[in-house]
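Quick setup: one chain, the form predicted on its own, written in structure tokens, and binding and motion questions come after.
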Amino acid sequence: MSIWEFLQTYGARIIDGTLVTAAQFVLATLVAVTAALAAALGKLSRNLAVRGLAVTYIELFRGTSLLVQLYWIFFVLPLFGITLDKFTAGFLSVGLNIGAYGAEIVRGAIQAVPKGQWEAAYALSMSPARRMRRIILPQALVLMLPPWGNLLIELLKGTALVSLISVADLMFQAKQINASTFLSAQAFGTALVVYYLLARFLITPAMRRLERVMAQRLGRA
């Protein structure tokens, strides 16, 4: 079967799977950004309990396999009375995993903001929260965006694992098609191209544009 015949026959399923993958990516990104920011600020906190909790999260999710974390969230948490549907378990596990890596990027970017900026914020008598929100984080954002672009591509690729708990994403659809037709080259080749297109023509340009916008706002263009 040619690739065109394959797409005519199974194109609708590929599109449905791609939409699920896109939804998983967007939701996992929100989880990752939130978790990374909270963990980074927690690790910089002077409160030992808060810092300990942040370090535990970062080390646990960086030091163990995403696949194991996915299985834990979906299969093990119900044993403790916490039951999540497969779609939620999918994006939550991917988001928390990537968020642990992102936390170190955020922490490093915050600490890389010039000392003079911190001193200027102190001189203006800003509260710690306002100082972080108005002065430090906007400048740190410019520094952290390039590595976050790479991290989001890793996140996109990580969403393929949610097919293992039967989330009907792109990889799940490709595996189902392959199982019933044995058209491995067409099924997985199409999935490969779709993942590449999402990374190359959506994520990368969006992050580069965001970098330019933030640099212009801070006068660094």
Partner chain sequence: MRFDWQWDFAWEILPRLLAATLNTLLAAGIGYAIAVVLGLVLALAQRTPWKPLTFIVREAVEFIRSTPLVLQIFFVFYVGPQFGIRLSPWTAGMIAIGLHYSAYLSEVYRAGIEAVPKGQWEACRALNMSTRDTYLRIVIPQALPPSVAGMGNYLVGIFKDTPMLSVIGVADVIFLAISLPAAGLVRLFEGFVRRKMGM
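Positions refer to the first chain, counted from 1. Being a predicted model, the structure only gives us computed values, none of them experimental.
Quick note: we don't show the form predicted in complex with its partner chain, though the next part is all about it.
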Only one of 76-84, 123-131, 138-146, 108-116 has residues with a heavy atom within 4.5 Å of its partner chain in the predicted complex, and that stretch is 76-84
Point to revise | Interface membership of residue 51, its partner chain in the predicted complex, 4.5 Å heavy atom rule | key: no
Worksheet entry | Heavy atom of residue 153 within 4.5 Å of its partner chain in the predicted complex | yes
Open item on the list: residue 177 versus its partner chain, in the predicted complex: is there a non-hydrogen atom within 4.5 Å?
Closed with: no
- Answer for residue 26 alone: is it within 4.5 Å of its partner chain in the predicted complex, judged on heavy atom distances? no
When its partner chain is considered in the predicted complex, the residues of 174-189 having a heavy atom within 4.5 Å of it are 175, 178, 182, 183, 184, 185, 186, 188, 189
